[in-house]
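Here you get one chain, nothing else, as structure tokens; it is the form predicted alone.
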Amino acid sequence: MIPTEDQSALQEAARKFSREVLLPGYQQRERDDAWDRELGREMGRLGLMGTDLPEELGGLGQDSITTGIISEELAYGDFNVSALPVNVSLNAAILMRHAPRDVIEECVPQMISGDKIMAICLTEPRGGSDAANLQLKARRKGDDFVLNGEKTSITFAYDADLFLVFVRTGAPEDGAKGVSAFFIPEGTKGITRTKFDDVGSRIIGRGSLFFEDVVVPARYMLGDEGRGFTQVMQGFDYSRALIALQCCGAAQASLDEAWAYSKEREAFGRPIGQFQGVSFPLAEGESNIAAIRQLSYHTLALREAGLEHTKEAAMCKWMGPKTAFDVIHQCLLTLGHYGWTHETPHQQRMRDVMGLEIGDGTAGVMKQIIARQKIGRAAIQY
């Protein structure tokens, strides 16, 4: 993938911000254990969020490939901070397809500027990979719906201002066909939240949300009633490619640091990079990350061309986090006992990317999607 002149300019701006602002504070932000709103606003001022969204809403009107370039560059400096632009592109695209015009005009610019954060609420305590098995119930009450139940493992749960919530409006036996999606605006009463003590990616505030008699106007339903799951979930093919590029950015940072170390560290009278046992694993890492990167941009190119890309997106999602984890692990080992400390960032990057081996679709689910694309319903086993 060769960037255009415009893409190169945005890439350079993202790279400068990532290396000069994000990278130096990457580990400290985890110790602070809190989302930095001002960083989000700074990315908004620099045009690093919503690059693929219309100019009249505050975006740059660029394509999804440009968003991928920026996501990768930002993840080089801070994997967790790079989650916000991905979140904005995914959620704003969903709102623009399904939300009332006044919601779009009010909320999307605030998301692009970094002033508001929106959380997608799908997972429940008894339904992770079985995402259509939802228990959070919405019942009709005049022109409103009343929501009761719980969502868990929600990214930005602790800090979100706005919510996109999948709920059951039909009977349990309806499965995905009985699921609808709602936009819930800021300040809606009846929502409480908790924050998890996670292994990695602590600053994105993953947690649970509790809905107690939450009243949502019927006009805030996204998509058709009972079809929200199938209609809204189509947007996740986009975020899966972006997630893989985030993982590439984090892994590339560790690779660059490991290569630099291999030139400086000496053993047996010469730099350790001259030993194949050191350089070959890093060369393999470079090759594997380059392959994931190209697959991800290919997936985004298919999206831009209006072509089917569900299978490719699923490949990106299961291969990206796993490959990045393995590569970062090798970089940690390259540093020997220096790598086995909290002073170097490899351990944190490894923990951070590992979370996306679980979140947003496990490897098993992604492989099931690929199999279903190849052989249809025969891939489903009961």
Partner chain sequence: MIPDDDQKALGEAARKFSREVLLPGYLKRDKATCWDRDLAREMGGLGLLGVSLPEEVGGLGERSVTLGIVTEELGYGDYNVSQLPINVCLNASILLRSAPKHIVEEWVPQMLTGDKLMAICLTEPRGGSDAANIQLRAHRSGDDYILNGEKTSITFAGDADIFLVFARTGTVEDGAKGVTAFFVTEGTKGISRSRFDDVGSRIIGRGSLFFEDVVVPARNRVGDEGKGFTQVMQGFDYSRALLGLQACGAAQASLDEAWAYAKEREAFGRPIGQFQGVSFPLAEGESKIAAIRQLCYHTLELRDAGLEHTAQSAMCKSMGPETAFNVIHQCLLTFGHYGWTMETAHQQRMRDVMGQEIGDGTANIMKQIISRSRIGRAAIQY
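This is a predicted model, so every value here is computed, not measured. Numbering follows the first chain given and starts at 1.
Omitted from view is the form predicted in complex with its partner chain, to which the following refers.
- Exactly one listed residue, out of Thr194, Ser113, Gln231, Gln274, brings a non-hydrogen atom to within 4.5 Å of its partner chain in the predicted bound form: Gln274.
- Shown here without its partner, the chain carries His329, Leu332 and Gln347, all of which come within 4.5 Å of its partner chain in the predicted bound form through at least one heavy atom.
- For the chain shown alone, Arg37 is not a contact residue for its partner chain in the predicted bound form, no non-hydrogen atom being within 4.5 angstroms.
- At a distance threshold of 4.5 angstroms between non-hydrogen atoms, Glu357 is in contact with its partner chain in the predicted bound form.
- By the criterion of a heavy atom within 4.5 Å, Val199 is counted among the residues contacting its partner chain in the predicted bound form.
- Interface residue remark: Tyr26 is not counted as part of the site for its partner chain in the predicted bound form, having no heavy atom within 4.5 Å.
- Heavy atoms within 4.5 Å of its partner chain in the predicted bound form belong, among the stretches 159 to 167, 262 to 270, 83 to 91, 209 to 217, to residues of 262 to 270.
- Annotation for 331 to 345: interface residues with its partner chain in the predicted bound form are Leu332, Leu333, Gly336, His337, Trp340, Thr341, His342 [heavy atom within 4.5 Å].
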